[in-house]
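As a starting point, one isolated chain is supplied in structure tokens, in the form predicted on its own.
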Amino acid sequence: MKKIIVITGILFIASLVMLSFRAEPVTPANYPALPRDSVGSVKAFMSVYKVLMSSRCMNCHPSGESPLQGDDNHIHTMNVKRGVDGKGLYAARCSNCHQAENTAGLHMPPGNPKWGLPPANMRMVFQGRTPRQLALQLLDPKQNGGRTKAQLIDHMAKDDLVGWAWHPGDGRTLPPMSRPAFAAQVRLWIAKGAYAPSIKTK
């Protein structure tokens, strides 16, 4: 009898562990709202903001029509431009140099199957945005690709192009926190009310 109880207990614990690792679609139930907390929500967003303003994110979300390069955010060489679809203009297509994965070697062209800037009709600019401006932009379906809050979480937590920032190739500085920590802060920001920082927040 005792053996049966022990085995049952082990199977129950094992099932909980498996459930904790199961990938599930994003629904409101996955990310339940917490009590509205403007202070906690803004604090979480400020952590998100630091990542989005890092070179790994901002270089592909410039204020102009050319991508940026390097930790110093200099204009991309070779006069590369966004183009209508965000994948380059005329013969200077992103995929000419940026392959499906990073090219091996120090400061060699990074890569991803979806490499490019946001398209011209949905530019999603990070460069130069204040915390408040960027928060409001991210929450606006007309500016964020038509995403709901749940889809925005999913995009930041799971999209493989976003995830490239944490696997950028040799010689590039990583964002200031891990991707799981970043995703947790995105969820916390939205779960606590998705508040935008005040104009004075720095």
Partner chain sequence: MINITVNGQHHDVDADPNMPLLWVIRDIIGLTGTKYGCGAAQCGACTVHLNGEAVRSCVTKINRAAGQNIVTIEGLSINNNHPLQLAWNEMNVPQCGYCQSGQLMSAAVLLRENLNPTDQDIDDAMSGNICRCGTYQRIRAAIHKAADIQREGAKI
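Numbering follows the first chain given and starts at 1. This is a predicted model, so every value here is computed, not measured.
Although not depicted, the form predicted in complex with the partner chain is the subject of the following passage.
Although the partner is absent from this view, P119 stays clear of the partner chain in the predicted complex, with no non-hydrogen atom inside 4.5 angstroms. Contact annotation for V125: none of its heavy atoms lies within 4.5 Å of the partner chain in the predicted complex.
Proximity of V84 to the partner chain in the predicted complex: non-hydrogen atoms within 4.5 Å are absent; the residue sits far from the partner.
In the predicted complex, the partner chain sits within 4.5 Å of a heavy atom of P109. Although the partner chain is not shown here, in the predicted complex the stretch 169-200 places no heavy atom of any residue within 4.5 Å of it.
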